[in-house]
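Only one chain comes next, encoded as C-alpha cells, the form predicted on its own.
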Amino acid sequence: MRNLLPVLTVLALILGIWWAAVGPMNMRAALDIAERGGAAVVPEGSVARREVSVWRLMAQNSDHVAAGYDLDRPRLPTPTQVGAELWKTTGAMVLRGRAFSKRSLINHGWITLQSTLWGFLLGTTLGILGAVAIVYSRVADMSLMPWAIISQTVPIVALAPMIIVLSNQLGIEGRGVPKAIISAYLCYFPVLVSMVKGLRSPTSSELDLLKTYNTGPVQSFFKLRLPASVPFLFTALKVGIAAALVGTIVGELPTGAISGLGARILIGDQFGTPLAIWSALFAAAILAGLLVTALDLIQRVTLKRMGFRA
C-alpha cells in the first residue's frame, strides 16, 4: 500500500488536470457546432471568436461549456471517451471473438510487438558485444564509444525514412526488418553504456584476487565481470525495451503501413479521428508497461538466484 498510494495520487492528479484541460481545448469547436445548430453564441462568427481568449469565451458562453466534454471529434477527448474507445477496440473485440480483426488494437499491438522484440534482441546483442569490445580493447574504447554517443544525436524521425528507403532498395521491404533496425537503433545505446559500467564495476582488489588464482581473461569475464554486470544489464533492458517500442512505432509512420500501432495513429490523424489516435497511444503505453513489468519480474528471479539482495 505504501507503493500504491503515491502512484494513485499521481494518477488522480493527472486525470484532474486532463479533465480541466478538456473544456478550454474543445470550447471553440463546441461553440462552432452550437452556432451551426442555431444557438446563441457570443461573439457570433468563428472568425470573431479567434480574436477572443478561450477563457473569455467560456465565461460568456458558460451554458455551452459542457458540450465540449461530449464532442464526437474533440481536439482533446476526455478520459472516459478514450477508455470507451480503448475498450471498444480491445475488450469488446475479444468478447465478440474478433481479437485479431483489422480494427482490433490487439492485432495492431501484436504486429508492433513482433518488430519490437526483434529490434530489442538485435539492439541488446549489439550493445553487449560493443560493451565487451570497449572494456577489453583500448582501441575500441577510443573509437567505438564516441561514435555510439554521436549516433544518438541524429533525430530518429530523420533517420527512419532513410533506413526504410535503403531497405526497400535492398528488397527487404514488408518483412518488418526496417522497423526492427530502427527499434534496435534506439535500444542498443542504453544497453551499451550500462554494460560498460557493469563490466567495469568489479574493484581492483577483486580483479587482483582472480589473478592470484591464475585465471585468464575468459574466466575473469564469466566468473566476475559478467555476474557483476547483471544488475546494470536489467536496468538497461527496461529502458531499452521501451525505447525499442518507440522506435517500432516511429518506423511504422513513414511506411504507409496499415497495420501496427504507429499505422493506427497515422490513419487516425489522416482521417481526423482523435479518439483512434489516443486509444492507440494508450495501447502503446499499456504494452510498454507490460514489457517493462515482465523484465522486472525476470530481474527479481534472476538476481535472487544469483544471491543478490532484493
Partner chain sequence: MTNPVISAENLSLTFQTNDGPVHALKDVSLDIQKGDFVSFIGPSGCGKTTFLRVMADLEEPTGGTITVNGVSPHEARLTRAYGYVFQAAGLYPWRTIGGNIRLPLEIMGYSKADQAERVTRVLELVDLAGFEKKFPWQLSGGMQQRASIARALAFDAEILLMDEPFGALDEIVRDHLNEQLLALWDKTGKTIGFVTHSIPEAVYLSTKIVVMSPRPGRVTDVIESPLPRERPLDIRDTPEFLEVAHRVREGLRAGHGDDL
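This structure is a prediction, so every number in the text was calculated from the model and none was measured. Numbering follows the first chain given and starts at 1.
Below: the form predicted together with its partner chain, not depicted.
Proximity to its partner chain in the predicted complex, taken as a non-hydrogen atom within 4.5 angstroms, holds for one residue of 219, 168, 80, 125, which is 219.
Out of the listed residues 224, 86, 113, 71, 224 is the one that sits within 4.5 Å of its partner chain in the predicted complex by at least one heavy atom. For the three residues 208, 211 and 308, a heavy atom within 4.5 Å of its partner chain turns up in the predicted complex in every case.
Although the partner is absent here, residue 228 is a contact residue: one of its heavy atoms lies within 4.5 angstroms of its partner chain in the predicted complex. Mapping the unseen interface onto this chain, residue 107 falls outside it, with no heavy atom inside 4.5 Å of its partner chain in the predicted complex. Its partner chain in the predicted complex comes within 4.5 Å of a heavy atom belonging to residue 215. Proximity to its partner chain in the predicted complex, taken as heavy atoms within 4.5 Å, picks out 198-206 from the listed stretches 87-95, 179-187, 126-134, 198-206.
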